[in-house]
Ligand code: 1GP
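Presented below, as structure tokens, is a lone chain in the form predicted on its own.
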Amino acid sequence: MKTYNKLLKMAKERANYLCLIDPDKIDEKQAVQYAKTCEENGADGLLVGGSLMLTNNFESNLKVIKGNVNIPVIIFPGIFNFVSKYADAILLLSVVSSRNPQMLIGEQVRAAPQIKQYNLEAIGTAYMLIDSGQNTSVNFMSSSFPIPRTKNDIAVAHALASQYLGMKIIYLDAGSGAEYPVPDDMIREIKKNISLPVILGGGITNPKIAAQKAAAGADFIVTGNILEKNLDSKLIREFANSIHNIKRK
């Protein structure tokens, strides 16, 4: 669990910044530029994946990304065709907020033999979709009802169950293009009740919001859409600095 142990160590020291790259939307040249720009401006790791795979860019883009950066490159599978040897690890997501068995275990069973074949580090991740004020891509594609953003008790119970089931990470997501990010009080309540690192994404539109979510307890803050619209090195640096300012010691 080399990559997971590295994430644990990072989370003990400070809040961290992850950039999400959707390989379906860019070519190899753009993928290299995207990855290097994120690394050079303070990103602590890269998540690679998306909700759909309309092109055949995933493996080729992942390979060039991995070959051009030194920070962890982790697969974030929207669907489990997203398995490749060209990564440090894969977040083996179970959508625990769903009651759709395909998202809870079915897709993971399909992916498992290939993960073993590639000797790819699999990090068991409890993925919790939180209501963002609108229907997001992941909401639609997973056929899932999100956890209501005002129901902290339901969110805490899901996080606790995930920890007791042996998950390694909690991923709270408002979804791609979210109107609202996960509320601060929900993040705080979850962190108060579990001992796992928390990744948070969806609706992180500026560095101030990123810092706010990190201060509430999120160990890793993810940005995706905001950089797809504008791969601005200055903005990436501002995100990284605002998140890194939140120390854990």
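It should be emphasised that the depicted structure is a prediction, and the values quoted were computed from it without experimental measurement. Note that residue numbering begins at 1 and tracks the sequence as displayed.
Note that the form predicted in complex with this ligand isn't included here; everything after this is about it.
Peer 1: So this ligand isn't shown here. In the model of the complex, which residue out of Gly133, Gly177, Pro113, Pro148 has a non-hydrogen atom within 4.5 Å of it?
Peer 2: So the residue touching this ligand in the model of the complex, by this definition, is Gly177.
Peer 1: Which pick from Gly224, Gly217, Gly42, Pro207 sits with a heavy atom within 4.5 Å of this ligand in the model of the complex?
Peer 2: Contact with this ligand in the model of the complex is made by Gly224 alone.
Peer 1: Quick one: find which of 84-92, 105-113, 167-175, 150-158 has residues within 4.5 Å of this ligand in the model of the complex by heavy atom distance.
Peer 2: Looking at the other structure, the answer is 167-175.
Peer 1: Is Leu235 close to this ligand in the model of the complex, meaning a heavy atom pair under 4.5 Å apart or at it?
Peer 2: Leu235: no, not in contact with this ligand in the model of the complex.
Peer 1: Given that the partner is absent here, does Leu20 sit within 4.5 Å of this ligand in the model of the complex, heavy atoms only?
Peer 2: Yes, Leu20 is a contact residue.
Peer 1: Could you pull out the residues of 23-39 that have any heavy atom within 4.5 Å of this ligand in the model of the complex?
Peer 2: Read in sequence order, no residue approaches this ligand (within 4.5 Å, in the model of the complex).
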